[in-house]
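First comes one chain, alone, set out as structure tokens in the form predicted on its own.
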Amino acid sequence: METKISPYQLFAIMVLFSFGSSILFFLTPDAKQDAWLVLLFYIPVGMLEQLMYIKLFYQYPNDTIVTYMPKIFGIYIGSLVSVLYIIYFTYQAGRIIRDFTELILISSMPEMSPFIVAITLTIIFVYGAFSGLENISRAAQLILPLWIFIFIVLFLLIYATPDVVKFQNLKPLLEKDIPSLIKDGWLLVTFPYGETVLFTMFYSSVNDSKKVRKISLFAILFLGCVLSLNTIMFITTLGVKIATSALFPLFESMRLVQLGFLSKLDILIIIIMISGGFFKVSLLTYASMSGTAQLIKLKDPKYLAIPFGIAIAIISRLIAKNYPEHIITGLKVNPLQVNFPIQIIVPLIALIVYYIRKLLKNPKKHNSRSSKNK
């Protein structure tokens, strides 16, 4: 049975996927109190990335990035590129498992074995992938409004808590010039915006493909605006120094709520954050499973859930000796060596190669158009 999701479900999984880990951290710490502005500056860049992915999709509306790469680059090189995307999605799922394992250990269970926490999270998250894209999407369309409502309430509570919010922390505005701020925020090209390359695996499942472009661009706009507001909250509550140095500034900010019986929200906050991780890891794992199934011509990808679950759990523990090393790898090594090539360079080359091959196949048609323009 063919998997189909609605345009709204695509929007829901895009938003929840992107929020899954990006809301945990202070993005663009080099921009300091202007980080929220940088997030807004990079919204158009995120949209351009989406347009590149969608342009490829519209050339191959019945394919995923795993199945159209061999059509663009040829069976051998294209299949190798497809395998690289499957490895990338699996690796990213392992990184997210590590993020949430550390969150639980640091915030509430410091004596718990990291391996046990990682295995437990992997079982829960991979079960989502086992249930399939349609079930994940149905859950997302129900969870997203609730998630937004809860965060609005939490934001209101933190701003209602006396002596917590200090808007003077946002000053001086534009301490650096705009080109310097744009330079400080270049990592946003890869995280969170570049991570949406994942959805090249799901565009073909949308039951109204004409709305994919509009929905995807709106999701990027929504994501950028919410992350900007999230960063403002970090700065106004924690201050720039603490916000940029805290391992999980969202958790630290929410812990400042002190309104009578509403002063102990730690567990609620962790549950909300882990629910975002659920969608992120489930979608990454499902993409790995379905991509593999497409390559080896397996009808049902759910049979791959166990091997991929084991691989993700192992990766989450092997990628770094400790959490600081994990963060350094994520911020210093991966953006240039892993993310940028996979998210930007390869799709861009694929689009160029597609048009070159199209031009070579139809030179007469191209020449006739050129003569008409003259």
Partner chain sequence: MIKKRLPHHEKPSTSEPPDSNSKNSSILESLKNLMTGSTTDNKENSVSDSEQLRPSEIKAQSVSSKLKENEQYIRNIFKNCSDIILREIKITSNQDYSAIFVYLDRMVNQDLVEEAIVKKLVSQPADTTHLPNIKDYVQYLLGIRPEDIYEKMDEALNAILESKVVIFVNGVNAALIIDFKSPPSRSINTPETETSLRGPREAFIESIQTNIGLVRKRIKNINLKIEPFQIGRQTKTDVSICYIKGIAHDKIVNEVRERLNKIDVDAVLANTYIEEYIEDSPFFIFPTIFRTERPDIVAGKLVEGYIAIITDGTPIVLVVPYLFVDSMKATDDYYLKYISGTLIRWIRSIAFFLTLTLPGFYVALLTFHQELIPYGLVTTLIKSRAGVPLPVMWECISMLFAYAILKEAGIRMPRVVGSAVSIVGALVLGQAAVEAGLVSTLTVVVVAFSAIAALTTPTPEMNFYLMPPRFMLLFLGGTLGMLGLIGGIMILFVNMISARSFGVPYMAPLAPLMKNELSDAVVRAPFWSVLKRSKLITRTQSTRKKPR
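Just so you know, these numbers come straight off a predicted model, no measurement behind them. Numbering follows the first chain given and starts at 1.
The following text describes the form predicted together with the partner chain, which does not appear among the structures shown.
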property	result
Proximity to the partner chain in the model of the complex, single hit among Phe278, Tyr193, Tyr203, Phe89 (heavy atom within 4.5 Å)	Phe278
Contact assignment for the partner chain in the model of the complex, among Ile72, Ala139, Leu304, Leu154, heavy atom within 4.5 Å	Ala139
Location of the partner chain contact in the model of the complex, chosen stretch of 211-219, 74-82, 139-147, 283-291 [non-hydrogen atom, 4.5 Å]	139-147
Non-hydrogen atom within 4.5 Å of the partner chain in the model of the complex for each of Met112, Ser131 and Ile274	yes
Non-hydrogen atom contact Trp186 with the partner chain in the model of the complex at 4.5 angstroms	no
Interface membership of Ser21, the partner chain in the model of the complex, 4.5 Å heavy atom rule	no
Any non-hydrogen atom of Leu250 within 4.5 angstroms of the partner chain in the model of the complex	no
The partner chain contact in the model of the complex: Tyr159, any heavy atom under 4.5 Å	no
